[in-house]
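Heads up, the chain below is alone and in the form predicted on its own; it's given as structure tokens.
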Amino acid sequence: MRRMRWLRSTAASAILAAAALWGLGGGEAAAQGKQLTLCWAAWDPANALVELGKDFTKQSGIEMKYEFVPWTSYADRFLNELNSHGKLCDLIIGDSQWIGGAAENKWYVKLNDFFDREKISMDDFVPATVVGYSQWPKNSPNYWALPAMADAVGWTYRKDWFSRPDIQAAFKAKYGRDLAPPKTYDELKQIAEFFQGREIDGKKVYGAYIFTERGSEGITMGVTNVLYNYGFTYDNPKKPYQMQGIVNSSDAAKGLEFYKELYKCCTAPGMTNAYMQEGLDAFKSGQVAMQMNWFAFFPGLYKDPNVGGDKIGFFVNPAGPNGHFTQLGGQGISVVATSDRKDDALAYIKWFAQPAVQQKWWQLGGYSALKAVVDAPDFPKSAAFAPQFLESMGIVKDFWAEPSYAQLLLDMQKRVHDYVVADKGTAQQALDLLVKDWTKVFKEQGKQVASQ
């Protein structure tokens, strides 16, 4: 009850604060000396957010400060900050998988009352982002974040190479079909094999870039794009936490085998621990024909003077024999429960949720999850990668968002990397061990884990 009264008080204060900010019509409105610190990862969309935030400061008078850290240390840095009840961050754009732990550990302010009073409806946002970034428990009307940065895994390809008459002719002679962006993973592997070791403009190139990083989340965020499409799921939808025969099904093992085959046949040498930046470097340097990466990086790639513009193309994660999905990325924005500036932080979220602000966010290089932006008739023509992004957001799946997600992730990182990169055991053995790992984690959390 104390928690509920506190939430109501916080929301009511936020309404008064927001009324002061916008009712007086300017940044000089009683906000002198105020500031907020927003925490996120250091990447291109963060730069866009800084630019966008200038409008908030102009309207509210509240100075925005930012704490951005590299992705490789993002989770460690901010999960430690939240867990220690630190006061560095007033607002945080936290990863989708943090939402369960953040809710149950009371790291974030619950936003239901605030949303109701400010008439911010989650129905106005792309459903997958609401479930993925905002809700805990999942598929329940309990909101801990506003969808902030929609994202998913997609692919880039060298459109200029694909369009060369000599390359097209050679591909058709070998495979009996036209060279085009792949619709299935079998087609992708065929194209990757075709380009592997081929000389283009006097330089040896390679077929594909995929995620293999071991330390944080990389190889998991890569392999799931194949596993989902071979039939892998995290548990039985009708029996939560039942993983035996599902996580380690024969179809899932075939998907893991495929990812290893793609890694072995068609990637550049030395890519044993590679994630986002290594993929960008490989593509920008003209090393690979196709690249797996997050849509968040595609605006920058499209602007690249060497491989952007007419030279780059985009395609949705290909389908597999048992489905067509892609890995969800992205984050929601939350008010940190230990902040001394909750009212101002809530005012920022109210401002950020406005359709005009969301439209500008997209135009600057962020990825809006607001339906008014992405469902607009002209959205598919607003960027070269917009149609693929829109399609991808309709087929996303995500990793566990349980409070114990960090250990679940470390377990999958180890088992998959050991098999794919380090050549330890078989795919079936890797997934069998993963089920044992995850079963142990959930039992320690007091979950009922069904064996069949």
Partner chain sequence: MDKMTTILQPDDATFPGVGGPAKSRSTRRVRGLSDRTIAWLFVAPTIALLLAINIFPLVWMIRLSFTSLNLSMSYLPLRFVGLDNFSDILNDEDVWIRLQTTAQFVIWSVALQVVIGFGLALLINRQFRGHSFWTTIILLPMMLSPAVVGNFWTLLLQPQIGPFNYVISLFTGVPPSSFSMTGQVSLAPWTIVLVDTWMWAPYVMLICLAGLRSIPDYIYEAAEVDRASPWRQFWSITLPMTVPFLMLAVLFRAIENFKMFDMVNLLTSGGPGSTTELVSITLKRAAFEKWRTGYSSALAIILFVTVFGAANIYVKALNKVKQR
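Predicted model, so just to flag it, every value in this text is computed and none were measured. Residue numbers count along the first chain shown, from 1.
Not pictured, yet referred to below: the form predicted in complex with the partner chain.
Enquirer: Could you tell me which of 171-179, 153-161, 345-353, 101-109 sits within 4.5 Å of the partner chain in the predicted complex, going by non-hydrogen atoms?
Expert: Flagged stretch: 101-109.
Enquirer: In the predicted complex, does residue 422 have a heavy atom within 4.5 Å of the partner chain?
Expert: The answer is yes: residue 422 has a heavy atom within 4.5 Å of the partner chain.
Enquirer: Is the gap between residue 234 and the partner chain in the predicted complex 4.5 Å or less for some heavy atom pair?
Expert: No, no contact at 4.5 Å.
Enquirer: Any chance residue 189 has a heavy atom within 4.5 Å of the partner chain in the predicted complex?
Expert: Contact check for residue 189: no, nothing within 4.5 Å of the partner chain in the predicted complex.
Enquirer: Against the partner chain in the predicted complex, would residue 34 count as a contact residue? Criterion: heavy atoms within 4.5 Å.
Expert: Output for residue 34 is no: heavy atoms all beyond 4.5 Å of the partner chain.
Enquirer: If the criterion is a non-hydrogen atom within 4.5 angstroms, does every one of 141, 277 and 397 touch the partner chain in the predicted complex?
Expert: The answer is no: none of the three residues contacts the partner (heavy atom, 4.5 Å cut-off).
Enquirer: Though the partner chain is not shown, can you say which of 270, 165, 305, 377 has a heavy atom within 4.5 Å of it in the predicted complex?
Expert: Exactly one listed residue reaches within 4.5 Å, namely 270.
Enquirer: Between 44, 63, 418, 391, only one gets a heavy atom within 4.5 angstroms of the partner chain in the predicted complex; which residue is that?
Expert: So the residue touching the partner chain in the predicted complex, by this definition, is 418.
Enquirer: Who in 400-423 is close to the partner chain in the predicted complex, meaning a heavy atom within 4.5 Å?
Expert: If the 4.5 Å heavy-atom criterion is applied to the partner chain in the predicted complex, 400-423 yields 403, 404, 406, 407, 410, 411, 414, 415, 417, 418, 421, 422.
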